[in-house]
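The chain below stands alone and is given as structure tokens, in the form predicted alone.
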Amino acid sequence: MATKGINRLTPYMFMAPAAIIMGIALLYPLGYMVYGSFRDWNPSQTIGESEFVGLKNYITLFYDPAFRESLSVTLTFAFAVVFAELLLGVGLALLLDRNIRGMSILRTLFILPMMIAPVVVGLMWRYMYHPTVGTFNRFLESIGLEGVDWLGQHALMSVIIADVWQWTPFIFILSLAALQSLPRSALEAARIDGATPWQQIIHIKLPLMMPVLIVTALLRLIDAFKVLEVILVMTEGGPGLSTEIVALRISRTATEFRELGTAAAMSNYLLILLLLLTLSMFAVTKLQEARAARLARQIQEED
């Protein structure tokens, strides 16, 4: 019995050193940030020299209209880009889920935006949005229309478009992989039963893809909450607070305003929000996985 117990523990013993190192690397900075959020801390002093203020930073932020505005901009930006990227990415995957010549070249072209550094993406779109020499306004003027103040009146929409351009390929690649892993027997059975392509998409492909799509959406949603470089280069959070997301406000609070405790409290607010979203998405994923499993069993029984 003792030998069996040791054999069961052997894999965990081999994993323990790496797990301990990863745990320290993850938990120590997190604990340091939580500890710092309860103190009136600035870069001129060590965290031990700072004054303990309890929940003051959290309460101040809760009633701070600028922070709430940044949080509202972040939520609007994150959900808008994820919705648009899902719509376009899944649509492209459904359109290109077929044997066509040059498919590998098309896939390579589609993932190119993901490979460009965020700072370069920000500079590129900033120049294209330029009011006088930008690509978009020059095109509008060429067809007799007035130029648009892209990074002024339409700043948030402009940074959303830039993010959608860069990260739609991520959704496309994962959606295409999910499509190509679907059981072909289910699709063949649907064709034999006379289902139209649209009915196959609605009743078979999308339900079976849903667990993958939910996880993909969660990954993009978490990443969208942390976008910094593109917005910083394109608009610097302006005009006003119209494009100042929480990540940018945290950076400014820590570096420009030198309020490290307040910045840590902002980070914790953002962390709590992301944890709630993650738990909600995981719950939905479990429900969708159960639904997809029932659908797959139903199709097999009908075959």
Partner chain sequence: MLTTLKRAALGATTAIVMAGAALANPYADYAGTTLVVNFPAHPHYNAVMKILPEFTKETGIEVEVDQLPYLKMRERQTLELAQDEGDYDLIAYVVFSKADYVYADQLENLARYFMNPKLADPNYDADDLIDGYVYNIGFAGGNKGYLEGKTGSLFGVPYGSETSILGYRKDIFEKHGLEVPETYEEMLDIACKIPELEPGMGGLSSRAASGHHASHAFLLHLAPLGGRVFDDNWNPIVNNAAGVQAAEALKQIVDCGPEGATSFGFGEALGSFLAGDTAMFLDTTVVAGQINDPARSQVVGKVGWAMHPMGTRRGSQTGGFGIGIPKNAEHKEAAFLLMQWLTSKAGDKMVALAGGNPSRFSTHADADVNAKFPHMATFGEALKHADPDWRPIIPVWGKINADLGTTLSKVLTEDLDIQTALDGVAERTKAVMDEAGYYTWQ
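Numbering follows the first chain given and starts at 1. Because the structure is a prediction, the values reported are computed rather than measured.
One more form of this protein, predicted together with its partner chain, exists but is not displayed; see below.
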4.5 Å heavy atom contact, residue 91 and its partner chain in the predicted complex: no
Can you tell me whether residue 35 touches its partner chain? I mean in the predicted complex, with a 4.5 angstroms heavy atom cut-off. no
Is residue 252 close enough to touch its partner chain in the predicted complex, meaning at least one heavy atom pair within 4.5 Å? yes
Would residue 56 count as a contact of its partner chain in the predicted complex, using a 4.5 angstroms cut-off between non-hydrogen atoms? yes
Quick one: of 207, 183, 118, 131, which gets a non-hydrogen atom within 4.5 angstroms of its partner chain in the predicted complex? 131
Report the stretch among 163-171, 131-139, 196-204, 214-222 that approaches its partner chain in the predicted complex to within 4.5 Å, counting heavy atoms only. 131-139
Counting only heavy atoms, which residues in 225-254 are within 4.5 Å of its partner chain in the predicted complex? 236, 238, 239, 240, 241, 252
